[in-house]
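The chain that follows stands alone, in the form predicted alone, written as C-alpha cells.
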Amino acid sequence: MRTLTVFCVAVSMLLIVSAMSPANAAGDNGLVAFRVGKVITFDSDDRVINNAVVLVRDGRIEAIERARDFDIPDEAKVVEKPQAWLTPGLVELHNHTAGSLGDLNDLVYLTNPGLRTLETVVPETENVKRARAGGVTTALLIPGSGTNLTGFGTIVKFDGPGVDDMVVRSPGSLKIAQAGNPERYWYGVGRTMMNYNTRRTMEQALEYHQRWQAWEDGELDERPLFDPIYDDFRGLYEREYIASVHTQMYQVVMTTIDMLAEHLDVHTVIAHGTFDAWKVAPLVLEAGMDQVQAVVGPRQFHLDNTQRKIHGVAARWWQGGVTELGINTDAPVVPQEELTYQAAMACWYGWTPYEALRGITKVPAEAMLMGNQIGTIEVGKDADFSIWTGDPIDPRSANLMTVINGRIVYDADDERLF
C-alpha cells in the first residue's frame, strides 16, 4: 500500500509539473503560432495588423506578420482565434492583491523604509487567477497607504507555481503616500509634519547613497557601513526603479512633484492622480513626462465645487497635455480584473478608447521602467498578451486567453471565470 501511495504521488507531481511547463503549452519545441483577426501592437509605428500571426518561441515574440504573407513553421503548435483581437497583456501599476499584505505591518512608523512586499508574494491565489482571467499579466505589488512611506514594492507576473516564477524585479518601486490615509496616523498629523518626515527620510537615504557612491568612485578611503534600512534606496537614486506615490488633489500633487521630482531627482509616478489633480498638468509637462508620469484610478470622475461641474479625470489630464497617461484599479479597491472597465469609464467621461488601451498596457509598462520587456507586441519582447472577443475597452468584450512568457495561463474554453 505504501509503495502504491508513493507511486500515485509521484505520478501526480509529474502531471502537475508537465501541465505548468512552457513546453506543454507551446509544443515540445517551445514554438507556437497565434493566428488572430487583429493585433494591436503599440509599437513605435502604432501598427494595427489585421488577419495576423504572432509567432512565439521559448517565451518571446519571434515574428508578427500578416497571415497571408507568413508561412507558419510545420513544427509549430497553432492556436486559431480568427475573429479575436490580440493585445499586449494588461499592466496593473497599483496593486495590493498579489501577496498576503496582512503579513506586512506598515503602520508602525510614519515612514517604514526597511519594509518590502517581496516577502509577501503568494502564487496561485484566487486573486491571481482572476487577474489572469481579466487579461492582467503584470502588476506592481505595493504596500498599503496608511503611513507616508510604507516600503518597497515588487513587480510580478501572474504566472508560475512559485515565488521565483512570479517575481520580475525587487525592488520594483518605493511606495509613498501623501495626505488622505496617513493623516489618521495615531493622534493625527498635519501635512506639514508628513511632508517634513517623508523628505527627511528620503534625504537621509540620499546621503547614504552618496557616501557609497563616493567610496565606489575612490573619493572616500573608508568603506561606509552597510545599512539595511537605506540600502534599497540606492536603486531609486540610480533610477533603476520608481517612486510610486499615493497622491491626489492638486495641492498634494504639487508637493509630490516639488519634493520628489524636482528636489530629489527621483523618477516619480503619480499613482492615483484623481480628484482635481489634473490641474497640475502644466507642472508635469514642465518636469518632463520622462520624470513625472500620471496614472489615474480608481476614481474616474470628480465634482469640482469651484466650477460646479463634473469632470472626467483622465480626459482633463489629456486635455492638459499629459499624453502618457495610465489607468489603475488600486486592487482590491476595484478588482484588478476590472482594469478594462476602469479604462472604459475614463472613455465614458471624455477620453478615447485607443489611448485608454495604451493606458493599461504600454504606458504603465514604461512607467515602471519595464517597457523594454512588456507592454507592446514587438519582436524580442516577452510573449505576454491577451486575446479578446473584440476591443477590450468595450465592456461587451470578453477575454478568451491570457499568455505569459509564451505559456497559456488562462483559456476560457477550458474554464471561463466570467
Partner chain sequence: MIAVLNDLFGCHKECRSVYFPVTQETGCMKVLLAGLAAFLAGSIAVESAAAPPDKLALTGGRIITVTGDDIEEGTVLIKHGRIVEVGADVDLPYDAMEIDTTGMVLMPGMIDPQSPRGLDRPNENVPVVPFLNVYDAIDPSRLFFENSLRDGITSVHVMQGNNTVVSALSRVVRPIGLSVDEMTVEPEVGLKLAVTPRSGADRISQMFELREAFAKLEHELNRLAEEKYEESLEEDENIDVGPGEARQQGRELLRDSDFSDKQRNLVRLLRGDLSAWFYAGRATDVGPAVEFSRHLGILDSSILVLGNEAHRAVTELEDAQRPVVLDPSLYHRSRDPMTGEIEEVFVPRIIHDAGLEFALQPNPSASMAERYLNYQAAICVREGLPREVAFKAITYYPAKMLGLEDDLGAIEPGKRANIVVFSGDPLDFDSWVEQVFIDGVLAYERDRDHRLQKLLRLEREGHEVIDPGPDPDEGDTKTDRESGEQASDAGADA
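Positions refer to the first chain, counted from 1. Note that this is a predicted model, so its numbers are computed, not measured. Throughout, rigid core stands for the largest set of C-alpha atoms superposing within 1.5 Å between the two forms.
The same protein also has a form predicted in complex with the partner chain, omitted here; what follows describes it.
Looking at the partner chain in the predicted complex, residues 191, 316 and 333 each place a heavy atom within 4.5 Å of it. Contact annotation for residue 119: none of its heavy atoms lies within 4.5 Å of the partner chain in the predicted complex. Contact annotation: residue 102 falls outside 4.5 Å of the partner chain in the predicted complex, judged by heavy atom distances.
In the predicted complex, the partner chain sits within 4.5 Å of a heavy atom belonging to residue 40. In the predicted complex, none of the heavy atoms of residue 132 sits within 4.5 Å of a heavy atom of the partner chain.
In plain terms, the part of the chain that comes close to the partner chain in the predicted complex, with a heavy atom within 4.5 Å, is 354 to 362 out of 354 to 362, 367 to 375, 54 to 62, 381 to 389. Among 145, 127, 201, 342, the residue placing a heavy atom within 4.5 Å of the partner chain in the predicted complex is 145. Exactly one listed residue, out of 283, 163, 220, 107, brings a non-hydrogen atom to within 4.5 Å of the partner chain in the predicted complex: 283. Shown here without the partner chain, the chain has no residue in 117 to 137 lying with a heavy atom within 4.5 Å of that partner in the predicted complex. Remark: with the core as the superposition reference, the CA shift of residue 306 between the shown form and the other one reaches 2 Å or more. Expansion of the residue 234-residue 101 CA spacing by 3 Å or more is recorded in the predicted complex, set against this form. In the predicted complex, the CA atoms of residue 270 and residue 104 come closer by at least 3 angstroms compared with the shown structure.
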